[in-house]
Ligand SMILES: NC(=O)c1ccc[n+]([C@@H]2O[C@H](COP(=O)([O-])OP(=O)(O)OC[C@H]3O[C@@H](n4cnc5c(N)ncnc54)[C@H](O)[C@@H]3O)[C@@H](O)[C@H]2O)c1
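Single chain ahead, written as structure tokens, the form predicted on its own.
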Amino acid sequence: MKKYIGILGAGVISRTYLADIKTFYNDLEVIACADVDIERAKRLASEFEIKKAYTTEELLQDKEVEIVINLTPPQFHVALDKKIIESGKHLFSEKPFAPDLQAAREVLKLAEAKGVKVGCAPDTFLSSGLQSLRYYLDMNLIGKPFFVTANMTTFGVETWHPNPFPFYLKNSGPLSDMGPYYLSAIVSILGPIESIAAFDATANSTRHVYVGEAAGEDFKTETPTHYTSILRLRSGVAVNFNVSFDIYKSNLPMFEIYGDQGTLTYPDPNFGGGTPKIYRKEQYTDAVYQTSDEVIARKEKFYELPELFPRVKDYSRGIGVLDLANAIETHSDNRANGSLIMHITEAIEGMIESAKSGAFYKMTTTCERPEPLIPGGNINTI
């Protein structure tokens, strides 16, 4: 099963996709790339030995291309996704899929009418670390989960990204940019969201560019740059979720799940690789009965758990495209499919609405947890 891929958008993230697909996923072959700036497409094609460098229209007319990965800026996703689907090609879109639930529905309805499959980033919930975390949770290592804290706290993108402006446009910001990683991790591990309460904030409405051609410029942000929210999952689990482009440094854990028998912790849902750690209740209660140095030391320590799946890289992209390709071949559903896409899209919209209104937002969509991967499998067999 060889699937031929076209990359649309020659920006920063395209190089991560291309390097990882070329190195790790033998069933995928990128044969074309395109950009609104054809010279950028040509440079990308030369760098990664891609046969064809195109305009968008040329890419969509190429009958050899079966799947298009849309890596353009978020404000272009919906319009371009519709063009990709209209051309009869399967779609894998970078996040966010759409600015709101209505737009997401339109794209997915068109895909159904055209008989093509759709997938969407983030696909990090399919990678080694988070799949291992899910396995340990399902094996009841910390008992019944009741609370999660998830915290994406950083200071924006303008200290490293050469073009930070799209990250601060309306319908962008940290919630749309980074929220999907954490929300897809939460939903894929613990199930769908039932209700949301959220607050937004903006530490400073002016941002300063540090790198790239625009270095030294100041610009205004059009979107809140901090959200604090409480999510109630259908399972009854409560989640405290903070996402921010305003925090220079924090000691908050990035992702921890608390159960009635212990705690599972994970370093960063934005990364495909990450070692889960566990703290069991016995480490705490044993110190009531024993006071040896060993027991006291054990009381203070999280223990690493082995990853049960191949870790191709810490920061990787492309496993969701492979899953989509497998679904096309087997006429089955890919894991990052329409129901998950709509649920995550609505969750982001719900946080924005709750922050504006000051009221709880009740979710109208739901989804099931995507099928887990099989521990110990080959990276090309998911």
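The numbering used is simple: start at 1 and walk along the sequence shown. Everything numeric in this text was worked out from a predicted model, so none of it was measured.
Separately, the form predicted in complex with this ligand exists; it is not shown, and the next lines address it.
- Shown without its partner, this chain lists Leu264, Val187, Leu71, Ala98 as candidates; in the predicted bound form, only Leu71 has a non-hydrogen atom within 4.5 angstroms of this ligand.
- Put simply, of Phe302, Phe199, Tyr284, Trp160 only one has a heavy atom within 4.5 Å of this ligand in the predicted bound form, and it is Trp160.
- Look at 127 to 135, 109 to 117, 204 to 212, 73 to 81: in the predicted bound form, residues with non-hydrogen atoms within 4.5 angstroms of this ligand sit in 73 to 81.
- Using a 4.5 Å heavy atom cutoff, Leu8, Val36 and Glu94 all lie near this ligand in the predicted bound form.
- Although the partner is absent here, Asp177 lies within 4.5 Å of this ligand in the predicted bound form, judged by heavy atoms.
- Using a 4.5 angstroms threshold between heavy atoms, Val12 counts as touching this ligand in the predicted bound form.
- A residue is said to contact a partner when one of its heavy atoms sits within 4.5 Å of a partner heavy atom; Arg40 meets this definition for this ligand in the predicted bound form.
- The shortest heavy atom separation between Arg317 and this ligand in the predicted bound form is within 4.5 Å.
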